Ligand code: NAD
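The form predicted on its own is given below as one chain in structure tokens.
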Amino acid sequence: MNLEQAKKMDRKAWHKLAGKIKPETRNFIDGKFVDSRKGKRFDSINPVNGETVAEVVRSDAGDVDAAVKSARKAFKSGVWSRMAPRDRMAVLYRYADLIQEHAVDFALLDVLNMGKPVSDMLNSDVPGSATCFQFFAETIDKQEGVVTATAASEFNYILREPLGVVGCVVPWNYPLMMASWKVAPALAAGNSVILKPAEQSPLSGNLMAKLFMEAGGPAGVFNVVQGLGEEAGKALALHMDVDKIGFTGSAEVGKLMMVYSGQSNMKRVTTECGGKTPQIVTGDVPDMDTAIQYCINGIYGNQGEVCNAGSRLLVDAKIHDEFVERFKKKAKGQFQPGDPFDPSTTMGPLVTKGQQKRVLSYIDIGKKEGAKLQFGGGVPSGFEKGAYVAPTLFTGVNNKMRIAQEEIFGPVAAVLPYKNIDQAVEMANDSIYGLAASIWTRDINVAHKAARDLQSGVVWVNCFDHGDMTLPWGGYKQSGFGRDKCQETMLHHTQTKAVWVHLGE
């Protein structure tokens, strides 16, 4: 069943398929599924009802070592790293097609794992992941070397070569898409890959590896190691024969990845570590209702479990009250928690009960700090069994409050008034994070000055969360370094080699 056919399925059909699915739970090493050395397993839990979806292998350092050896062997053989560029492109093009053809399978796995609404999977995650592999496939034969200007007796040319073995450690909020963002450029550059999915959403990673083989990918090039972050993830980051770690997750763990690099072989590390995104709405906002809709989508989409969730709404004091009233009216009922297998559902549960507890604790902190709860703030009625949190809005927030400074990773928005644009930019930058920001204004000078002065990797003007594969994705400060998507990402997965030839006199 292809993507378009999947979009026509109803809730009953999805549940029928979900009841039959038998996900692969083993590691994928050297082209085949294998159990862990010690046979340990952990439970993958459905956040809708707390039931166990599957028992997944719990890998240790020995399992990671087996995957690294497989990846290194494949790399050294040249079966992928030295494959003709057009042939490598063909494999990734076929792979992108297979992702779309298996839209139902990917949707089932990620909905069961982390509660993402099935409509989000079909409209965003699956097609976006396929596009990611298509994009990086297209870059393969566009990588060119350089010949420098030298004396007539000398000849200097510069090559770009793959790094070798790349470990991809990905988060649970977009299991398929974040894995695609990491794996696609690594493979396109000619590297061998070891994917370590988040333990909260492990299942779709195995399907990705299987489909790579179906697309014609050689054994050992794409490996998957399941397990806990503090065990399998740490072992991968510490391994002496891994050349790079691409990581998306919390700033706390991102810092550990850098430590592990220093403790091992000084492997390259790129990190994307979240944010506390400001959405600045000026007094001359072109269309307040449009801006409000983007603000609503920006914080409540994907249950607020988004690294660039627009959780800080910086609103000109002159329009603050009107903005809040319109926001409350417009937001009502838009993101209604429901069964994620119902195509009409716009908000699923949070990924785990632990994450639900964390978000609810921040709501309590906001109340204690003196912020005013406008709506939400608890578990929606009828959904007590799952890890749900209702869309929540606070006003009366200042930038020193914890709910304005710390990443909550849930559907919690805070409105902060400001007096002038300079103060708004200062407030926006008063954060340890710097992933993204937006500004709504009619004034072109204000827009360009704000874009210049905001300390973030992405600045949207009169929109939010727009972009395509050409948009570099990454942040400033503790949002990490390196970029996902875009052609620059391809270069992060290569190294430069200079060849100097003395021709004689």
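All figures in this text were calculated on a predicted structure; none of them were measured in a lab. Each residue number is its position in the shown sequence, starting from 1.
What follows is about the form predicted in complex with the ligand, which we do not show.
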item	value
Heavy atom of V285 within 4.5 Å of the ligand in the model of the complex	no
Close approach of G229 to the ligand in the model of the complex, 4.5 Å, heavy atom	yes
In the model of the complex, W460 touching the ligand (heavy atom, 4.5 Å)	no
Close approach of E407 to the ligand in the model of the complex, 4.5 Å, heavy atom	yes
The ligand: the contacting residue among V169, V281, I140, A74 in the model of the complex [heavy atom, 4.5 Å]	V169
Heavy atom within 4.5 Å of the ligand in the model of the complex - residue from V269, A90, M401, L256	L256
Non-hydrogen atom within 4.5 angstroms of the ligand in the model of the complex for each of I296, F341 and V412	no
Partner-proximal stretch of 372-380, 119-127, 105-113, 272-280 relative to the ligand in the model of the complex, 4.5 angstroms, heavy atom	272-280
Heavy atom within 4.5 Å of the ligand in the model of the complex - qualifying residues of 185-220	K196, P197, A198, E199
